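In the C-alpha cells that follow, a single protein chain appears in two forms: structure 1, then structure 2.
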Structure 1
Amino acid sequence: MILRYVLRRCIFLVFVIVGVTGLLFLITYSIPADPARVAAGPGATPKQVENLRQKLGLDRPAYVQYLTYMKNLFRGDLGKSTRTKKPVIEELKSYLPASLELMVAAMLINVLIAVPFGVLSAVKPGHLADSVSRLFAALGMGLPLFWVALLAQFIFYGKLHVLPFGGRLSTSLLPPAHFTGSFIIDALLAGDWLLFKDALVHLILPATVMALPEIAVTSRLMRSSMLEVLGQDYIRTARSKGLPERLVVGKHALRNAVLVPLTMVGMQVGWILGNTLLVETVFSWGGLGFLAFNAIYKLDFPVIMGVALVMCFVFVILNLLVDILYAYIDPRILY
C-alpha cells in the first residue's frame, strides 16, 4: 500500500515540476527587464547585448525557450548562471546543504518546543504556561520575521555577546572536508568537535528565528487538539481505572492529539522554505535563500528557476515523509 502511494506521489511530482516551470516562465517572460543587458554589464554596447541575447536564446519566442528548457531539464541540465557562468546544478549543489541544515534544525526546534508547550497548555488551561503560550503565539504570528531576525542579532550578539552575528562558521576556522555539505554532519564525520561546536552555535540563532512563526501555530494547534482528545470517552475510562495522569496524557492522549499538528508541520515546510530568503540574507547563511536573493537582484533567471524547482522538490518529498509518518503513528490510516 505504502509503496503504491509513494509511486503515485512521484508521478505527481513530474506534473508539479511541469506546472512550476510553466508558471515561472510566464512570470519571468512578463518582467519588464532585459537579463541580457544585466548579464552583459553596464559598459556593453547594444551590439554586444544583442549577441549575448542570441547566445542565451532570449531572442526566441517564449514557448520555444520553455520547450528547450524542459528538454534540457529532463536530461539533468538546468542551464548556466548568467551571473557566474557556472552550471546551475553546481551552484545548487554548493548552496543546498546549508539550506537543508537550517531547515531541518528549524523543524526540530518547532516540534521540540511547540509540542510540549501545547500539551502543557492543554493539561493546565488558564495557568501561567497557557498564558505564556498564548502571548508567544500572538507575537510569533504577528511580528515580521526580518525584524525579529535583526532584533535577535541586536540582543544576543550586540548586547549579550552569547551568539554569533551570522555566517556558518567563525572566520578563524576552515570548513570541514566536504562529505554532505552540512558543516555539523561533516564535522562529526571528521571527529572535529571544536568545529562541530562552532557550527552548532552559529546554527542556533537563525534556526530559532526561522522556527518562531511555526512554533506559534503548532503550539496552538497542539493545545486545541489535546483539549479535544482529553474530552473523549476513552480518556475518562482510562482515568476511572486509576491510571496515572502522566500515563493518560503521555500514552493515550498524546499519540492521537499529535496527528493534527503533524499534518500542519508538513504544510509548514513551504513556509519555512519561503522564509529562507529573509533569514539567510540577514544572517549571511549562504544557502538557497541567499543564492535566490542574489539571482533576483541580478535577474539570473536560470538560477531563479533552479532554486524554485529544488524548493518545490524538497517540499513534495518532505510532505511525503510526513504522510508516511502519519500512517505509522495511526495504523488506521490506509493509503
Structure 2
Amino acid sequence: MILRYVLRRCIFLVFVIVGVTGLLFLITYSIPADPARVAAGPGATPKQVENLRQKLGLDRPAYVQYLTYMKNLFRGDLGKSTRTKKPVIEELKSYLPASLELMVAAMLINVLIAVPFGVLSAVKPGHLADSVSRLFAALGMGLPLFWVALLAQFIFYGKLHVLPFGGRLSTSLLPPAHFTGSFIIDALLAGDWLLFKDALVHLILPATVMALPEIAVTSRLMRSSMLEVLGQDYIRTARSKGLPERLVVGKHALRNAVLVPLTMVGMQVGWILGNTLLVETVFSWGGLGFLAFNAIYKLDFPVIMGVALVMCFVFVILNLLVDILYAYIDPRILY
C-alpha cells in the first residue's frame, strides 16, 4: 500500500521537477543582462559576442534551449561559475554538506526544545514554561533572523566570550579528511575529539538562531495538539485504569499529539532553507547560503540558479520523506 503511495508521489515529483526547472529556465531566459556579452568579457568586439552566442546556442529558439538545458541538467551539467570558472555542480557538491549539517542541527534543536515545551505548557497551563512559550511564539516569528544572528554574535562572542564568532572551525585547525562533508561526522569518523568539539562549538550559535522561529511554531502546535489529545476518551480510560500520569502523557498522548507538528515539518524545511541564506551569511558558514551570497555580489548567475535548484530538490524530497514518515507513525492513514 505504502509502496504504491511512494510510487505515486515519485511520479508527481517528476512533474514538480519539470515545473521547477521550467520556471528557473524562464527566469534565466528572460534576464535583462545578455549572457553572451557577459561571458565574452568587457573587451569583446560585437563579432566575438555573436560567435560566442552561436557557440553557446543562445541564438536558437527558447524551447530548443530549454531541451538542451534539461539534457545538460540530467548529465549533471549546470554550467560554469562566471566567478571561479569551476563547474557549478562541483561548487554545489562542496558547499551542500555544510548546509545540510546546519539544517539537521537546527531541526534537532527545534524538536528537542519545542516538544517538551509544548507538552509542559499543555499539561500545566499557566506554568512558567507556558508563559515562556507564549512569549516566544509572539516574538519568534516577528524577528528578522539576520538581525537576531548579529545580536547573538554580539552577545555570545563580543560580550560573554563563550562561543566563536563564525566559521565552521577555528582557523588554527585543519578540516578533517573529506568523507561526508559534515565536519562533525568526519571528525568523529577520524576519531579526532578536539576537532569534533571545535566543530560542535561552532555549530551551536548558527543552528540555534536558525531554530528559533521554528521552535515558536512547533511549540504552539504541540501545545494545542496535546490539549486536544488529552481531552480524548482513551486518555480518560488510560487514567482510570490506574496508569501513572507519566505513562499517560509520555506514551499514550505524546505519540498521537506529535502528529500535528510533524505535518508542519515539511513546511518548516522550506523556511529553514530560506533562512540558511541569511544565517550562513552572518556566520560565514561555508554552505549553500554563503555560496549564494558571494554569487549574488558578482551576479554569478549559473551559481545562483544552481543553489535555487538544489534547495528546491532538498525541499521536495524532504517533504516526500515527511509524508512517508507520517504514514509510518500513524497506521490509520491509508493512501
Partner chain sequence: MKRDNSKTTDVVRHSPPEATQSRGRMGDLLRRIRITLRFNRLGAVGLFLILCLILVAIFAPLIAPYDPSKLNIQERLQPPSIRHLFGTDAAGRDVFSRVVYGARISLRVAVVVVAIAASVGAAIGMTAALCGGLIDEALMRFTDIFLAFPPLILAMAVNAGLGPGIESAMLAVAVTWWTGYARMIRGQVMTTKNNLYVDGARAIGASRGRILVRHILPNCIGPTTVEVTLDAGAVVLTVAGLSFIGLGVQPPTPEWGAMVSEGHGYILTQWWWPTFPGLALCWMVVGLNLVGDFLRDLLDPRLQGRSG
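Values in this document were obtained by computation on a predicted structure and should not be read as measured data. So that the term is clear: the rigid core is the largest set of C-alpha atoms that superpose within 1.5 Å between two forms. Residue numbering: sequential along structure 1, first residue numbered 1.
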{"query": "Assignment: the form predicted alone", "finding": "1"}
{"query": "Residue 62 C-alpha relocation of at least 2 Å between structures 1 and 2, rigid core basis", "finding": "yes"}
{"query": "Core-superposed C-alpha of residue 308 shifting 2 Å or more between structures 1 and 2", "finding": "no"}
{"query": "Cα displacement of residue 281 between structures 1 and 2 reaching 2 Å, rigid core superposed", "finding": "no"}
{"query": "Residue 13: CA movement between structures 1 and 2 [superposed on rigid core, Å]", "finding": "2.6"}
{"query": "Cα displacement of residue 48 between structures 1 and 2, core-superposed (Å)", "finding": "7.3"}
